[in-house]
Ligand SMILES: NC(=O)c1ccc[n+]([C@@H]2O[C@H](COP(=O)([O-])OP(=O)(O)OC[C@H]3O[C@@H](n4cnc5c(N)ncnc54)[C@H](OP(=O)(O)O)[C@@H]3O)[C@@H](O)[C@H]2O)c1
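Take a look at this one chain, the form predicted alone, written out in structure tokens.
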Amino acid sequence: MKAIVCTRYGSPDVLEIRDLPEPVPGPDEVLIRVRATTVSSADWRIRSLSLPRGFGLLGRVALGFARPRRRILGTELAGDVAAVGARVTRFRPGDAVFAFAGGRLGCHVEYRCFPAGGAIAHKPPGLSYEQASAVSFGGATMLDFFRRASLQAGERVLVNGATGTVGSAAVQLARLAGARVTAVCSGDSAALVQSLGATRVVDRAREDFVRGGDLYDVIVDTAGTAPFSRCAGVLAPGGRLLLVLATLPEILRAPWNRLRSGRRVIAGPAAERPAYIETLRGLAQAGSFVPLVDSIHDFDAFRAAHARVDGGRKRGSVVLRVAGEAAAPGRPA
């Protein structure tokens, strides 16, 4: 099978396609023929070793010193079950599925094995494979952050960086939870984030949300530009700042900030729970959650896909089409 391999840290040029043996599922695993996968911000950070401040040495310890320890990137995929292990009853060959590997990576391949009891679910029929491949990374991340924040209906939520993979999921999931959502993004994305559920849009080029006079119960920072020192004045009493992208000093200061101000800073890696994938499947099947797709690239154009993510201007997920059908019409990018 073909696999995209990261040979060392650096630009998209460090990636190459190699032929590897096709995996064989164990008794409790399914073998998925991958039809689509995504290139996420996690893939960019691992490939380039572009980590938040303070994580340089820790990152090399966790990821690999000279080159990525997990050399096949990719956190999520969609495809068809090609074979099942002897003890698997939940899936059958031919089932259309989507799955989330998370930190285990390994989705930039033609075939991948997954535990049948893991973060894998049947693909909602209303989503193309390309759309389904983009459900998990942003959706699961924000389900976990909102769970830790105990988000309640009627609360005021601001999403900084509302058009990225995680930000666009945050807008949709906050709206589904009954929150009132303000989205911070470029002005030309206003109609897009309103279609996702934002009731108010702040054009980041024209307005600084911390000077607008409004208070928020929850602020979601996906861009790394809204630390506690900047946001404390617009967090309501008991408010929570969700640092999806946080530096190590910000994480270490979080307990002190709460003790001093009564406002919580929630940061650190999102938990990866199979239950999140089932929740997202139900929402997507009902048409309540539709992943935002920025662009679709052929598998052989993997360097162009990575370059698109590196540019920092994507809106939603960058998808690699591994095999199969053309994308069905979806929400505009």
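Please read these numbers as outputs of a predicted model, since none were measured by experiment. The first residue of the shown sequence is 1; numbering continues from there.
Quick note: we don't show the form predicted in complex with the named molecule, though the next part is all about it.
Engineer: Any chance Asn160, Arg204 and Gly268 all have a heavy atom within 4.5 Å of the named molecule in the predicted bound form?
Structural biologist: Spot residues vs the named molecule: full contact, yes.
Engineer: Given that the named molecule is left out here, which of Leu151, Cys231, Val84, Ala223 has a heavy atom within 4.5 Å of it in the predicted bound form?
Structural biologist: In short, Ala223.
Engineer: Given that the named molecule is left out here, which of Arg60, Arg273, His297, Arg45 has a heavy atom within 4.5 Å of it in the predicted bound form?
Structural biologist: Exactly one residue meets the criterion: Arg45.
Engineer: So in the predicted bound form, does Ser186 come within 4.5 Å of the named molecule, heavy atom to heavy atom?
Structural biologist: Judged by the heavy-atom cut-off of 4.5 Å, Ser186 is in contact with the named molecule in the predicted bound form.
Engineer: Under a 4.5 Å heavy atom criterion, is Arg321 part of the interface with the named molecule in the predicted bound form?
Structural biologist: Arg321 lies outside the contact set for the named molecule.
Engineer: Answer with yes or no whether Tyr129 is in contact with the named molecule in the predicted bound form, where contact means some heavy atom within 4.5 Å.
Structural biologist: No - in the predicted bound form, heavy atoms of Tyr129 and the named molecule never come within 4.5 Å of each other.
Engineer: In the predicted bound form, does Phe98 come within 4.5 Å of the named molecule, counting heavy atoms only?
Structural biologist: No, Phe98 sits far enough from the named molecule in the predicted bound form that none of its heavy atoms falls within 4.5 Å.
Engineer: Name the stretch, out of 240 to 248, 101 to 109, 119 to 127, 256 to 264, where some heavy atom lies within 4.5 Å of the named molecule in the predicted bound form.
Structural biologist: Looking at the other structure, the answer is 240 to 248.
Engineer: Mind listing which residues of 134 to 158 have a heavy atom within 4.5 Å of the named molecule in the predicted bound form?
Structural biologist: Phe137, Thr141, Phe145, in sequence order.
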